[in-house]
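Below you will find one chain, with nothing else, as structure tokens; this is the form predicted alone, and questions on how it binds or moves follow later.
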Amino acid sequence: MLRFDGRVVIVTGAGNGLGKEYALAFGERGASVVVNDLGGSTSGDGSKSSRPADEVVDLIKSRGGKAVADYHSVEDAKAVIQTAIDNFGRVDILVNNAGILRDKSFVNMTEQDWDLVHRIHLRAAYLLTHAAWPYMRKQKYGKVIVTSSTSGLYGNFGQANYSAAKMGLVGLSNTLSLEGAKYNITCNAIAPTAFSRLTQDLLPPGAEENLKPAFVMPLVLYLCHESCADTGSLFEVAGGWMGKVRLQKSSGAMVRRANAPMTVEDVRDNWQEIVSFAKPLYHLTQADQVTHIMNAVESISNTDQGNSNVLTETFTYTPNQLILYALAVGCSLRQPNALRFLYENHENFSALPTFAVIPAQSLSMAIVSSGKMGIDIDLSRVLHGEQYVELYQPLPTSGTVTLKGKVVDVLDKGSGAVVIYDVEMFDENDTLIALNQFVIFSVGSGGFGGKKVSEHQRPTVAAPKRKPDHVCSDKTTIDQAALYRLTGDENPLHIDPAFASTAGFSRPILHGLCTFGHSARHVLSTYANDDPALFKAIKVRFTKPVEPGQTIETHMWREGNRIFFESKVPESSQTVLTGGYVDLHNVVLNTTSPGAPQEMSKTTPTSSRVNLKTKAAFVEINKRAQSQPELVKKIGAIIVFDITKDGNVQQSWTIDGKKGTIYEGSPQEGAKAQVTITVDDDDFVDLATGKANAPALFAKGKIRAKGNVMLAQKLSTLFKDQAKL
């Protein structure tokens, strides 16, 4: 038998109907009951009477129970709660049941009719619960019931005031269930149908026998028992039937189309899908709803819907191609460490990191000419605007790689269109090893009404406004373009004087990616001692061409593990590469020889001191997120995870939603955490693998957060996609 010995219950409107039934049942099962009833009419008018509350108290006491009457209006909420404190010393259960009716058609409803119903139903529930809340928080226990109505759920003629207030109570209950979870306070809403003073004129003849308040009471008592953990739920209950109610929505439709204006006709043409409940959606939390919307938006922002726009091919290469590429971007035996890039039998034979563009470019033409961009492109009027390369591990020195390319955005720049496409590279074990992002400008393809900026585009970054920390230069040869074209880019612009003249150049120009390779090699030599394992990523914008035989001069600035650079041609005084940077893996400078080429070495991660499972989880999340940086950027905030072991913080990870990066440690210089989340190592792994959910861990006190906690909801976009690692 479920009992309530030692519990103190407040039931409002307990002098008649449902409230009376609840109060009697609580009293019979050992609770101390505060029987609140003003003793007024069903409309809130007329004189007050203590008789209804007194009669219920007498009944409870006659059956051996404990009870006290309270005659205050529910609007005098603090006094009602104080009655419980003064007589029984605590309050454990609050059943918000009191109510009145002022039914009128909407056209005849007065402001007084509206306001009074809202005051008694919605505002009083707030006041009573707010007054009881501190006691429940302090004792780490509480059960709250709010009484909604099917009129609120479905509407009812003549009850605009009542139905609005009753639906408001559902929203109140939903939020109280979230805020109370940490303190073991539950809150649920019921929508009962029962014969009472309020409903006797609304129900059909003969309803009294089958719709007794006694048939509602068992649900309320169970929801208020300590063995019931349900919270944030809504139940319909009538005549012994009980059911949980939830909000659903149709599967809906993405009406907006890529690279096209959205119109009213698009809504009309998709209407049947918009309103179809063939596959309804149900969200448990607002975070689920936000995640669904963001995923839907992502599906249109990313033009490879359903991977239908992904192009795939393989590329096989040998050490000879690595060596040819190294020579083509200026590698020479005159340089100290060049042998590792030019001799296949060298003990540290390696691929230059920027060789990753060569396989990717083999797929580039297929993407540009695929017709999957939603715009018309004249291949003779396409300019290479920007390039990004990121390596997830050093490139293999030979083998077959699989390339998967897709257009991620098309921007309308008026005079032309910017097309952004990614090419992922996978090794023979289907492991992602590199990502290229090409940004091209198609002259004459603009004006289609598309967006102007893209969250998918890897941004360039301006160099610091100070003298460069280091400058490195190479004079190209007159044959440089002729050599580089053997790596795969056979555009006649780089070899045929007649073709170059037609394109507006006095003579053939050097490939932009050849200049790119020279500059990357300068950074790698200057700041990483030519160690490709330290290379992480590079980004650059192409601004001016280089002519074969001219000098490529790279100006470099170091800030942390990022090397900013610009490349110039001193012969023409033109800047040819701008906004460039190279990111290196977590490294430290060897400053023993200032002014000399600075050698870099990997640091020991802080997590190596403690065996944390979280590191593996974050590495995997980071690895996948790097191929979809827009997931991190959608968070839009700087969130820090402090990972604990045995109660002590052992490691921190930063998710920088502003820059789209994830890294070990506290926020980098200039950044500040907006949310800090503290969680145990094991609990985080359960969260990342989908075995646990954040609200449940938070409710149990296993997740602590400080700062703007609402921003943490945005993490669901990242974690949902990476669940079940």
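From a predicted model like this one, the values you see are computed outputs, not experimental measurements. All residue numbers are counted from 1 along the displayed sequence.
Although not depicted, the form predicted together with a small molecule is the subject of the following passage.
At a distance of at most 4.5 angstroms from the small molecule in the predicted bound form, none of the three residues Val144, Asn174 and Gly232 contributes a non-hydrogen atom. Remark: of stretches 103-111, 270-278, 385-393, 70-78, the one touching the small molecule in the predicted bound form is 385-393 (heavy atom within 4.5 Å).
Residue contact with the small molecule in the predicted bound form: Lys452 places a heavy atom within 4.5 Å of it. Proximity of Tyr421 to the small molecule in the predicted bound form falls within the 4.5 Å heavy atom cutoff. Taking the partner from elsewhere, Gln335 is found to have every heavy atom lying beyond 4.5 Å of the small molecule in the predicted bound form. When contacts are judged by a 4.5 Å heavy atom cut-off, Ser415 counts as touching the small molecule in the predicted bound form. Of the candidates His585, Arg257, Arg562, Arg541, Arg541 is the one whose heavy atoms come within 4.5 Å of the small molecule in the predicted bound form; the others do not. Scanning Leu403, Val439, Ala194, Val170 against the small molecule in the predicted bound form with a 4.5 Å heavy atom cut-off leaves one residue, Val439.
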